[in-house]
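Here you get one chain, nothing else, as structure tokens; it is the form predicted on its own.
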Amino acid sequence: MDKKKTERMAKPKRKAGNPYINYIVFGLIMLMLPILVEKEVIKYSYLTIVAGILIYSIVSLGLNFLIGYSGLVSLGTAGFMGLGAYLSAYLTINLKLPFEISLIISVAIPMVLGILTGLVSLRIEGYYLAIATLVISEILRKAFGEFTAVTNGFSGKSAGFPKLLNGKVLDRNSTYILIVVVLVIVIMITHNLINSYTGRALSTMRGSEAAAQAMGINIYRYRLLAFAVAVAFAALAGVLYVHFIKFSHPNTWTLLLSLNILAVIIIGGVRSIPGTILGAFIVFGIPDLVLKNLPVIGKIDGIPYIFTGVLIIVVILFYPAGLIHIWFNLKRAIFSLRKKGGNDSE
């Protein structure tokens, strides 16, 4: 008995499954939603809600990359997301450009602005950097309301479903599929970044800039890269948003949205891709899918904000690393119970 136990303990632990397969499986599960809607298994409105969650997941992945790995703080996420949305709406509606070309331009311009914001981070950091990015976001929001020739001002800017280079126009379901595919690609890109030399360099820089410089890491270059990636993801999400919702208004891109995206990574888990997705479903999904359908609570105005605030407090107190770690704690508890049961049987 002891020999068998020794051999079992000597066996190497199984490696975790291929993360890329997990990401693809997640995407396939999300792709089932239009089928469930067509068969009337779930409500039609749920497609819009879930699409929004997936779009905000893309933004949150960029912010998590910025905060979690580089240690830089930004409160300008909503402004950059809105910039991507308005640019794509203008390029496709006013200039009649295909979706693919407008997508590239609408991501490239905010990315340049993000690099310039990264230059600001070379001089200031911490709370001052957060305020600086907030100011940039507010400037963009004011511009959305004033530059009526491009944004249509406070009347809002309309857009349509993506029209591709081959002339094909996507419908609601195919646009949703596009969002899922883009999210899976963004997840894989993020996974590659954080598990490459870039991710290790950013983590070292986050821990100690002096140590990073001593190891030959170019802090300036990686700071600019972190901001460029975060802003590119935000702009990309803005493009998908405006072509799925088909409308953009200046009041959409406020500080509240930036704080909600920040809440996503705090609640789900900093430095965690699954945690970011989980946080997006909690912050942007539970209020619409669950709370608003409850008999009494659903009729209370502002209940989503109360829910998010209370949940942040609970997470900070009991799960400062994010709710994604509940799963690991459960696995550890189950393993301990099994181990205890095995010892008792012996």
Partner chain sequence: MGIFIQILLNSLEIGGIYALAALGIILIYRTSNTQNYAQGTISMFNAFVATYIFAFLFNKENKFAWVAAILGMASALVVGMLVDRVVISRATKVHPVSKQIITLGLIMIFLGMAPMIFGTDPMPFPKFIYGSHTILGATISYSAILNILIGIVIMVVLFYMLQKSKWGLSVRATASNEVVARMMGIPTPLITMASWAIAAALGTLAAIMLAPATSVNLSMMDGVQVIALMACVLGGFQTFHGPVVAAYIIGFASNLITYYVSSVWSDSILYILILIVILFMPNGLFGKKVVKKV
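Keep in mind the model is a prediction, meaning the values are calculated, not measured. Residue numbers count along the first chain shown, from 1.
The same protein has a further form, the form predicted together with its partner chain, not shown here; the description that follows concerns it.
At the 4.5 Å threshold, heavy atoms of I245 stay clear of its partner chain in the predicted bound form, well away from it.
The closest heavy atom approach of F26 to its partner chain in the predicted bound form falls outside 4.5 Å.
Not displayed here, its partner chain is kept clear of F161 by more than 4.5 Å at the level of heavy atoms in the predicted bound form. Although the partner is absent here, Y319 is not a contact residue: none of its heavy atoms lies within 4.5 angstroms of its partner chain in the predicted bound form.
For the marked spot (L75, F147 and A210), a heavy atom within 4.5 Å of its partner chain in the predicted bound form is present in each of the three residues.
Picking from 287-295, 41-49, 311-319, 54-62 the stretch near its partner chain in the predicted bound form, with a 4.5 Å limit on heavy atoms, gives 311-319. This chain is drawn without its partner chain; in the predicted bound form, the residue among V112, I139, V169, L95 with a heavy atom within 4.5 Å of it is I139. Put simply, of A108, V181, L259, I101 only one has a heavy atom within 4.5 Å of its partner chain in the predicted bound form, and it is L259.
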